[in-house]
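Given next, in structure tokens, is a single chain: the form predicted alone.
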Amino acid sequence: MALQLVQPVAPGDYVSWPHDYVPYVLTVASLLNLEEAQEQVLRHAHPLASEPVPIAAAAGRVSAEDVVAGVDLPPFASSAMDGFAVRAADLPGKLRIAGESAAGRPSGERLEPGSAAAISTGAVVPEGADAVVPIENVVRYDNDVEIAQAVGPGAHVRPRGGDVAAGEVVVPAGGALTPARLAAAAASGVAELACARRPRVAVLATGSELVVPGEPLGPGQIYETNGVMLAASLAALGVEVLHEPAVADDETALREALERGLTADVLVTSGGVSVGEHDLVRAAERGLGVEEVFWRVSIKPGKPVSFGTRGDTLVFGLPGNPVSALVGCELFVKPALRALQGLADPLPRFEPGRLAVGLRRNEERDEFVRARSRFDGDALVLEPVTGQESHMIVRSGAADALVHIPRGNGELAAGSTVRWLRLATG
């Protein structure tokens, strides 16, 4: 049977061969670049409904609304030092000790002219006092202190509301609830936070060659790694991971596994998204009502990545080669999950660094090179690991950096500045 193109193929276009089209009529579409594909993903990744979360359980979540201070912080003028609260106008001089203000136990008495009050760090500055003299600058007698130097009003005093005033925003909507931000919310009197609920992510590896680690290998079989890798990587984002058993290249079994996975907020498959005779995933998903948004992106590795939706469920098809799956997860799946949790800036955070060696650029595709980062003086240097082929997951396991080499002509010389993405390491 002759193959027929339904329209001319332009330079840079690709030809897709859907399994469920009979006769085998080819369709044509241009590859998206990285930025276009990420934009398409984020266009469909809307924050999930919010839920109240106790502050003690909110680590790693994202605030769904502005968190507002319930009190001034500090809520009173307090001392920044252990020492003596004084009136600046009385110095230098010898002062009578008139009471003490300790943390949590303010003196409650007004400081009169010619007197000083012992004070500890964080304690309330007594009414009438306007400065604190550190204890090392004081000579103490039985009931008096002598201070030889003058100080200005406000010295070593933390003013009320100096950090934040009641009603001001301490964590913006879309902000990650880091330890410091949680501390800010707690210090401001906030006990509960509104956060997008945790996404449920189904992870499904496909391929008749896959065997559970620990089981004996038969002819042509390999151990299943992608499900383990993807589940671990995504769990670090604080999502609920449903790690499904690997499924063979069988239409019935694959359809049943995909149907289960499509009940989650996000379905991530690996394998079966290229153009081989046994690449059945995309056709099976179409049969289940998945609307494909794009297929194949001009990146290396990871070109055959697919993305679609069914209702509110986001569906990612990652290639079967483990390094390709890793790259697709970092560039597309993780940004979607951050967006579902409401993060204001969900795209990967690339950092600047310098190449240790020269690398040739790919004319057609952005390339992502696995590397080790190290410091050479003040410069962060990126040394590519040996073995960059997309099946070499053991070699990639030694890398802590994913280096972006933009498509183009020629070579990036050693010392060139590039962007790199930090990979999780032990």
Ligand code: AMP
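All values derive from a computational prediction rather than experimental measurement. From 1 onward, residues are counted along the sequence shown.
Just so you know, the form predicted in complex with the named molecule exists too; it's not on screen, but the next bit is about it.
Across the proposed site, 74, 76 and 188 without exception lack any heavy atom within 4.5 Å of the named molecule in the predicted complex.
Of the candidate stretches 217-225, 338-346, 307-315, 92-100, only 217-225 contains residues with a heavy atom within 4.5 Å of the named molecule in the predicted complex. When the named molecule is considered in the predicted complex, only one residue from 322, 261, 302, 199 comes within 4.5 Å through any heavy atom, namely 322. 210 is the sole member of 194, 145, 210, 234 with a non-hydrogen atom lying within 4.5 angstroms of the named molecule in the predicted complex. Within 4.5 Å of some heavy atom of the named molecule in the predicted complex lies at least one heavy atom of residue 272. Taking non-hydrogen atoms only, residue 244 never approaches the named molecule to within 4.5 angstroms in the predicted complex.
Remark: residue 265 does not count among the residues lining the named molecule in the predicted complex, judged by a heavy atom distance of 4.5 Å or less. Residue contact with the named molecule in the predicted complex: residue 331 places no heavy atom within 4.5 Å of it.
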